[in-house]
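The chain below stands alone and is given in structure tokens; this is the form predicted on its own.
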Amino acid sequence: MKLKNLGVLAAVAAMAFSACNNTPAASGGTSNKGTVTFAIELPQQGSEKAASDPIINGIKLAVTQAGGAAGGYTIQIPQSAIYDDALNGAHDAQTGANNMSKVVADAATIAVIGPLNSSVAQAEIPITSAAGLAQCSPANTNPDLTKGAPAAQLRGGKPNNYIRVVTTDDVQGPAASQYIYTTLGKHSVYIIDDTETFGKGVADAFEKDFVARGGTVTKHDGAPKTTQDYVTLMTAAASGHPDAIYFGGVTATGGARILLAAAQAGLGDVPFVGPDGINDGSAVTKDSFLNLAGDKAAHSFSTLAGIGTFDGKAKFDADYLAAYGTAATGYAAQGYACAQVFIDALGRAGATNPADMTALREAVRVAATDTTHTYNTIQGAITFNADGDTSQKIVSIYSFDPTAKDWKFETQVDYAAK
């Protein structure tokens, strides 16, 4: 794995963003065939609201800037089509499944964007697959959602309907491992995960790569989100004298609580590194990792399983700020990209003049998962393979900026250049 110059990719992203803003074709021309719905399914309570809000805003911004139409159809995202899969302040797989049953039952819904968490996706994909509803996630990273026997079981023998615009944890975990081992120069690490599909998966991928590099894992603990006492765990971890801590999970499943416990146990000065699940806003964002961690976040780092900078970013950030009065954070651009994919797919599906909404839904699924089609998104040009995974295997690394009290972009790792 090596760092790669992303100038060409960024240029494509800039052109795609400009085209989405200014080209009449982006809106699909006259919208007179009817109205269709893009549904959104994300957690919107507790700390995960900080991660979901930018995605929702990014989706809406993309639809607005595309003229609110494609393929002759008007696109709507009513509040009733924005579903919350959180229960008691954290994502819940069964709530997500219940939501998705409602989504697929709405004949006007021809695509759904979400969810945020891979464990929720495991419960939802069988439902959207059975209904033939195109689903794009801006944040799911667990490999089993798309690869091998686990993915085949989720699909139940149906044609693929699920795509994602972020890369997978078998890339995100090693990218963090490389950064800790090579860039930070830390060769021993304590690992703790939240025992969930995403958290354990990314932690295991991190551990495998870290050990392969010659690093030492002092201990690897699993602690579910219901854990009440992290101090005891972190006190025991401190006895191993790790050079760094790697957390697999999200803010809602331990994140800042583990960091605070680590500081209490005497590990406050070692790097604390987590995946995209803790990159959920600045210190002023309510219930975000940085908000909850306070000044104990001084040595924190995070990754995002997608592109962090691109030539069109300044305009995107300005447009987002103008529209919502707040900065674009986390996976806002990935939400925008998912919407771009579906706008493009709807444009091509609409051109086939489907007989009814059922036929249109299927035409959108076929178009969205077409492995021969290139999408010019805000993230750059991407394709999807037969599993629904993006051709773009980029992970962004962030550090804590004590002045801005926010995540500061450090670098991008292009795993495709490995």
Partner chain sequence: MTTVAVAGRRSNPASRFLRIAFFAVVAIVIYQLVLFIALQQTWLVGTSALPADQAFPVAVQQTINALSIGAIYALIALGYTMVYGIIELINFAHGDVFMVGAFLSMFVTLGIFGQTVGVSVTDIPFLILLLASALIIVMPLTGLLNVTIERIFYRPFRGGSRLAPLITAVGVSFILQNLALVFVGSGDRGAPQVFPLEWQIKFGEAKISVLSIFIFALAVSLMVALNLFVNKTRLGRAMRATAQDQQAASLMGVDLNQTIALTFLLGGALAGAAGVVWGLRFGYVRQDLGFNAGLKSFTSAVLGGIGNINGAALGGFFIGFTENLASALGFSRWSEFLVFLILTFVLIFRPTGILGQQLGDRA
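Positions refer to the first chain, counted from 1. The structure displayed is predicted, hence computed values, not measured ones. Here the rigid core means the biggest group of C-alpha atoms that line up within 1.5 Å when the two forms are laid on top of each other.
Only in words, not in the display: the form predicted together with its partner chain, which the text now covers.
Looking at residue 219, you'd find a heavy atom of it within 4.5 angstroms of its partner chain in the predicted complex.
Proximity of residue 282 to its partner chain in the predicted complex falls outside the 4.5 Å heavy atom cutoff.
When contacts are judged by a 4.5 Å heavy atom cut-off, residue 146 does not count as touching its partner chain in the predicted complex. Its partner chain is not drawn, but in the predicted complex it has no heavy atom within 4.5 Å of residue 109. Against its partner chain in the predicted complex, the set 233, 236 and 287 is in full contact: each member has a heavy atom within 4.5 Å. Considering its partner chain in the predicted complex, the lone stretch of 301 to 309, 326 to 334, 180 to 188, 257 to 265 in range is 257 to 265 [heavy atom distance within 4.5 Å]. Note on the partner interface in the predicted complex: the residue among 213, 296, 348, 315 having a heavy atom within 4.5 angstroms of its partner chain is 296. Residues of 58 to 91 placing a heavy atom within 4.5 Å of its partner chain in the predicted complex, in sequence order: 88, 89. Superposition of the core reveals a Cα shift of less than 2 Å for residue 103 between this form and the one not shown.
After superposition on the rigid core, displacement of the C-alpha of residue 74 between this form and the one not shown stays below 2 Å. In a rigid-core overlay of the protein, residue 83 has its C-alpha displaced by under 2 Å between this form and the one not shown.
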